Each structure stands twice: as C-alpha cells, then as structure tokens.
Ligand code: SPD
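The data below hold one chain only, encoded as structure tokens and taken in the form predicted alone.
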C-alpha cells in the first residue's frame, strides 16, 4: 500500500518556493517542447519517468506496459505532495506524477502541468461521472483520477469494545479516550487533523472562520493527554501492534494493516458519522516532461477497465474507473469501508486549497500540539 503523507504547506510559503525556483514551468526547464508536441493514440517518444507514491502500482501493470509499448518505466518515489512539488520546482524532469487533489490545484495555478491532449486518452471516457469535473481541475484539463479513498479511524475492538459510536469522539472526547489502553494516534497533518476536529464540531473541514478554527484547536488540546502521538507514518502499525487503541489515518493503509494482522477480526476501519475527508489522487504530466506522448499513452493504459481493476485489486483503494468495476474483486467492490455508500459520501469533503488562509491551519495546529 502506498502511504499518504499530505503535509499542507501554506500557500504563501509555496509562492516563495516557486519564486525562488524561477516561477512556473519547472524551474527554468524547457517547457516549450512538451507544450508544442502533438501526441497520437498509443504513441511513445521515449521511456517513462514515473514519479509516484511508493507501493502505489502493481508491478505487473508496469511490466505489461513496458512489454506492450517497448519502453522502460523508470520509477522514482516520494513521501508527500510537497516533496514532489519541490522536486518539480528544482528542475528535475519527470514524465508523469500522481498529485493529490489540492496539489493539482496548486500546480495548475503555478503553471507546472501540461494540458492534456484528450484525443490521445480516449479511455478517459471510462471515468465515473463524479470524477469528470472535479473542483480542483474543472473539466479535467490537466489531470485524471487515479485512485481515491477516505480518511477515518482504525479501531482496536478488544480495547474499545464492539458497541462504540462511530464518531470523532473516539479520538477527541477525553471521557472516552482516557479509558483506551495506549491512547490514540492522530495524523501529524494540519488540514487532516484540524479538519477532523472541525467535522467533530459540526463545521466543514474547509471552514475559514477563525473562531471555528480556534474551537477545533481547543478540542485537540483537551484531548492531548490521551493522544499518544501525532504520526503520519507508522499509525497503522501502531494500531495492530497494540501501541494505541484508535488510529486516525487513510483507508488503504489501515485496511492493509488490519487484513495483514494475526487477528484481523479484532480491528475495524470506520468513517465517523460526522463525516471526514474524501481524497482523490490523480495522474498529471509536468509542463517540462521530456516524453509527454509516452505519458499520455500510460494514462490511457491505466484508464483501461481491466488495468484499472488490476490497480485496485492490488492497492485496495477505490477506483474512479467505472469500466473497471466488473473486474474488481467482489470483496473489494462490496466493502463499504472502501466504497462508502452514497449516504456516507454526502458527509465527506475534498480538502480545498484555501489560499492565504492555509497558514492559519498550520499555526493553529502547532498551537494545539504545543
């Protein structure tokens, strides 16, 4: 499973980083060649330099693409959206990246992404309707969805009991958490954790009212005596190793850890009743890609129905590909923790780029942890 680590850099800081690196277009990289290249269906123009989250694609899919198109896929990995952004800005050239929703928005604004040539990606028609006009990239001008999932809670049933309420209270109510062996783990991520506290209070996780943000900060402060750690790396292992009773984290990571545990029935993953985060990872081509046609061909390959299913069957994250559904394992497709019901999805939100307000999430989160 790939591990999501989405530390939100304040937009003002991102702007300074971009300015220091020479502005949009990849830190002085030659974007003209990529922008002027017309790509045909199934065309390749060199090997594919893929910059992805670790363990986020079935190796057999990579081999199949290489054999079908006679090219090599050179894989590099990053641990956060911001690490990827810094690399792109430093002038390192990649042909395809997999940014999360809010990062797509940032990279579009900074002119770091190449507009997609839809004629070279006919399989884009396979996307489910809800992924064809996302708020972070209206009309899919620069990106297409790769995988999606949720942020919720992994629960040790032996520690918490079977009759618990599926609520953010499991990590924020001291009356509950004081009874949990080892306490709880929260993501070390200002948008996710402040967002969870905002949802617990009945607000949007994208709320930009400072008074509401202060309330969320104070909720975390009050729970702090029973928060064992703020961790975006080992939270899933901490849960199944018995170090904490409840872990705040990403669906695929927690589900993978639970299914691999010696006693998987002792754990469960829940989306709190107040709602939470729905995130979408996307395929996008950097503006200075050296092999944009191979990148378009790879995107089209991954959007094939059977290939999209193979990806989900390997990662256990949900597929945005409607044509993939007949080929997805029933135990995955029918699992409500992977594919939440419409009722639950109505309570989920995508993290939005709030512009200059981002600094407040970071500042108030730092205050909550201090």
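Residue numbers count along the first chain shown, from 1. Owing to the predicted nature of the structure, the values given are computational and were not obtained by experimental measurement.
Separately, the form predicted in complex with spermidine exists; it is not shown, and the next lines address it.
*Looking at 152 to 160, 169 to 177, 248 to 256, 262 to 270, which lies within 4.5 angstroms of spermidine in the predicted complex, counting heavy atoms?*
Selected range: 248 to 256.
_Non-hydrogen atom within 4.5 angstroms of spermidine in the predicted complex for each of 54, 81 and 279_ = Each of the three qualifies.
*Exactly one of 234, 206, 100, 93 has a non-hydrogen atom within 4.5 Å of spermidine in the predicted complex; which residue is it?*
Selected residue: 100.
*Does residue 288 make contact with spermidine in the predicted complex, using a 4.5 Å heavy atom cut-off?*
No - in the predicted complex, heavy atoms of residue 288 and spermidine never come within 4.5 Å of each other.
*Which residues from 185 to 208 come close to spermidine in the predicted complex, meaning a heavy atom within 4.5 Å?*
Sequence-ordered list has one entry, 192.
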